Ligand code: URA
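One chain comes next, on its own, written out as structure tokens in the form predicted alone.
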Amino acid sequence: MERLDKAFSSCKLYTRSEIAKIIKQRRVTVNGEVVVKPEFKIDLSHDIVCVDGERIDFKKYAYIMLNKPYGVVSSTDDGRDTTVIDILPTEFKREGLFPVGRLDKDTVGLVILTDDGLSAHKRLSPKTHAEKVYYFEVADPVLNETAKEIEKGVLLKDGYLTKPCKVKLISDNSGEITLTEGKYHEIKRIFGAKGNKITYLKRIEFAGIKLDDNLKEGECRYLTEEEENLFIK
């Protein structure tokens, strides 16, 4: 059993002052009954708690899949551009959310947002070799020979040799590339080193979690239990 106000604090959906306010305003129900005492005890495994009729999920951490649109930056705060946090619907926002890794402003697709710092750190650590899959389109045709060269590693203009990766060509000017590292503008620089130019880039998978085809750009949903397990393993 846990106090109602402490349960709200743990889920990070409201500040302390907001919690006191919504309880006082009789907006909180437990199993259909209005509760006005912050110290009211609830059973998180059985009781149904709602605010304004909407059920509250008291999970310790949130794991959100977002289909990031073009022009949005993978940041929690930016004085100039719209961020992935800015475009989240109100019901998904909670204190401490951040994007796991970054997508360029002009790259679209899968972004995972969470407030679970430990699991995010593990997913991003080079030691885990988490695979990131991108769909790409390029200005000029890609030869099979060039794709094989990219897979072995490419020497970039700054002298960095990229790690081996996988390339699957879909057409002359499109395909999928799978990386286990995330250097700055890496895919653009890889193809640039081969005399080509990325014209469209979309992340479609991260650490085994695939972008939901039903999510339009700008839309989001919570990870399924199976996807959560892939993320936190």
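Since this is a predicted model, take the numbers as computed values, not measurements. Start at 1 and count along the sequence shown; that's the residue number.
What comes next is about the form predicted together with this ligand, which does not appear here.
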Testing 160-168, 182-190, 48-56, 35-43 against this ligand in the predicted complex with a 4.5 Å heavy atom criterion leaves exactly one stretch, namely 182-190
Interface residue in the predicted complex among 78, 104, 140, 149, criterion: non-hydrogen atom within 4.5 angstroms of this ligand: 104
How about residue 65: is it within 4.5 Å of this ligand in the predicted complex, going by heavy atoms? no
Taking heavy atoms only, is residue 136 within 4.5 angstroms of this ligand in the predicted complex? no
According to a 4.5 angstroms non-hydrogen atom cut-off, is residue 28 in contact with this ligand in the predicted complex? no
With the partner left out here, which residues of 199-222 have a non-hydrogen atom within 4.5 Å of this ligand in the predicted complex? 201
